[in-house]
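Given next, in structure tokens, is a single chain: the form predicted alone.
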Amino acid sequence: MTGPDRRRPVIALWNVAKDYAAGENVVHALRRVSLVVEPGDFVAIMGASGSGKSTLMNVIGCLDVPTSGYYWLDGVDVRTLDEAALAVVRSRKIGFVFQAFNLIPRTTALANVELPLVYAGVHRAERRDRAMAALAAVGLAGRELHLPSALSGGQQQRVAIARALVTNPALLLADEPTGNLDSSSQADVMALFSQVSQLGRTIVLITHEHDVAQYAKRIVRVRDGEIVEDVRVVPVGQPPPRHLPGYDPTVAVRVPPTGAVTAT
């Protein structure tokens, strides 16, 4: 399997809407949302409960399909796919990281990371090598044979990140990945996301926490099913800092064509 095509956007949404029936009423969860995410970007999507950010995540992750509009994922027109094809795209194009880790309790860290490669039909020796390398990359060399119960919450999330990365996906999609972690583990896991971003991975992270969003290169805010703010805090091509000195999430920070950062 080849890696993502660096010449095209990883995500391209245009005029996407998502409606749900609620009795005799219709809930407009997303309203004409347009969003482009280039390769190597690190985007935090923020919004209050009911804002539409979870629906947007489900659409981006091919867990749900738009009612109308267009969505291309790494060049694939998602509208044209049936359920079986969507499942293939999810397994090959997207690495998921969830708040609850979703590790198999009685299975070692190594076997948990190998699992997507098993489903992909990768030969045993190759998947073992790739899983070992992924665990080493997230700082868990020497803990490959530990069960999840023998790992801290932060370490379990690192296993989940390794599992998400082992297939070399076009997109790493993280849903509230620090929601079950203490502040110290949260900082460690977000520093890892920053390192992954510096390696050129494309990351979309769903969060309601400003402390988490500050690690991203770009912050998108959703309210009432619409994108109400899309600001860049780090120019494309530059690594995200672990913290943004003096960062104030209430101030919109934009990057004009010259690349100079200005506050508005």
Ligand code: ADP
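Nothing here was measured: the structure is a model prediction, and the numbers come from that model. Start at 1 with the first residue shown and count on from there.
Separately, the form predicted together with this ligand exists; it is not shown, and the next lines address it.
Student: Counting only non-hydrogen atoms, choose the one of 35 to 43, 53 to 61, 66 to 74, 195 to 203 that falls within 4.5 Å of this ligand in the predicted complex.
Tutor: Comparing against this ligand in the predicted complex, the contact stretch is 53 to 61.
Student: Between 234, 227, 29, 212, only one gets a heavy atom within 4.5 angstroms of this ligand in the predicted complex; which residue is that?
Tutor: Answer to the contact question: 29.
Student: Quick check on residue 20: any heavy atom within 4.5 Å of this ligand in the predicted complex?
Tutor: Yes.
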